[in-house]
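A single chain comes next, written as structure tokens; it is the form predicted alone.
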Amino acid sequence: MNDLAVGPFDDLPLRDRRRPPAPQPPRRKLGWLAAYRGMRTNPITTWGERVYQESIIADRGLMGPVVIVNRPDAIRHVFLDNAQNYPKDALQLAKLGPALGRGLLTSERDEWRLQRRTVAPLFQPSSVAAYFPVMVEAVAALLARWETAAAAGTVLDAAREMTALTYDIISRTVFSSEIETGADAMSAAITTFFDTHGRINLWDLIKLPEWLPHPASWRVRPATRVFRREVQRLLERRRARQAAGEPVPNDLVTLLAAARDPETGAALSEETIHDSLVTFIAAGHETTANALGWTLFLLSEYPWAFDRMAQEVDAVLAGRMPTIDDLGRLNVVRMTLEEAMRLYPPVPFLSREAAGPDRIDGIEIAPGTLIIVAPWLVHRHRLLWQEPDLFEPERFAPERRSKISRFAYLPFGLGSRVCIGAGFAMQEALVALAMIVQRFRPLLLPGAYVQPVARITLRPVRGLPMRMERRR
């Protein structure tokens, strides 16, 4: 089952065998109490060596029967071939629901299909290409601010900086620059939400009724109010402009308001529009920000990788601003980004719940079984990748990339529910990295503690304190 596309690397001129920071798998199976503590503090610390070596594992976890699927053809079965039998599980919906309601990430079947069709025009290749100049402007604004910070020797949190950048980009593009809540306030609200509802707690294990309040639901309310109030203001301003006969942009707000059910002709409910907007505001930039932050971290840790990227950027851009035609020539930038997303997948866990009986790779699946397909595991699996714990951008060199199984590399999910903004995210990430490397070298603060922590998305536990050293 070894994927020959990702190795061997003996022919490479540069070999760096330092392992990027990641939890070491426990040597023995954790007891119930240790497993609960690990799940609550950082779920990726609970996976033993066995799950990195076996294709499929059936077990009984803290929340009942669970099957961990690492084999690409079995992953395809769950997310594509028999996807109708594997809707999103109750725990996932319970974690996301308080913030996102029944938006694109949490809705199912007809409700999901209608929302996806409605927003699809914003993420078609032609639309994404049209956003390119706006993305360049947003990155240029960030770098202008960094010039001042670099001159003063100011330490920046690269994770927070990337969140501010991707938030600015999504505000300028699909929201026509009409979002009022600042990046710091929105980032703080998202962090609060992830640190509370993103944890597994006792209430999740004993499966209390959803209507019964518990401490996490109380603590998360200030954060969800930030999301909801921003959406309410956005809708009120847009409707006031429409009532006054003023022109409105053909953006996400307009598309959702104009959407109609193809069978009944009914408009989306007020609640659905609200939830969809909250989903894009609160979650539409988070994963790309994480991918960018982890890439900058790796460039700081591996100077040879930065030098290779800088050499390519300098050759392709020759000191000018990037154009959309440049993206296809930024192979090293793309390789490094994709390897960063392999080591630090923006969403470390995907899960589904069996609606009916099934059979996967010889294992009987009973209704209600939790199915886990974890990019964190799949991307580091010993049967799928050569030396998976090492940082090797060459895995994604053009001649190797095409041979990697679509179901062994899952940075944007997969199947019909693959991230609708994958093309958007790749474009903005490539633009951002090229422009950053063109002018700055990221340098992690000496002694900084960096470890990934899973809170719905994969974040650095204490941020990424860096200085940005000017190149020119």
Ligand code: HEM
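Here the structure is a predicted model, which means the values were calculated and not measured. Numbers follow the displayed sequence, beginning with 1.
One more form of this protein exists, namely the form predicted in complex with the named molecule; it is left out here, but the text below deals with it.
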Is it true that Val347, Leu350 and Ile420 each have at least one non-hydrogen atom within 4.5 Å of the named molecule in the predicted bound form? yes
So, Thr192 and the named molecule: in the predicted bound form, are they within 4.5 Å at any heavy atom pair? no
Since only the chain is shown here, I'm wondering whether Leu105 would be in contact with the named molecule in the predicted bound form (any heavy atom pair within 4.5 Å). yes
Looking at the partner-bound form in the predicted bound form, is Phe280 within 4.5 Å of the named molecule by any heavy atom? yes
Give a yes/no on whether His274 approaches the named molecule to within 4.5 Å in the predicted bound form, heavy atoms considered. no
Can you pick the one in Lys88, Arg160, Arg76, Arg380 that has a heavy atom within 4.5 Å of the named molecule in the predicted bound form? Lys88
Among Met341, Ala305, Ile371, Ala223, which has at least one heavy atom within 4.5 Å of the named molecule in the predicted bound form? Met341
Exactly one stretch in 394 to 402, 260 to 268, 112 to 120, 317 to 325 has heavy atoms within 4.5 Å of the named molecule in the predicted bound form; which is it? 112 to 120
Enumerate the residues of 278 to 314 that have a non-hydrogen atom within 4.5 Å of the named molecule in the predicted bound form, in sequence order, or give none. Thr279, Phe280, Ala283, Gly284, Thr287, Thr288, Ala291
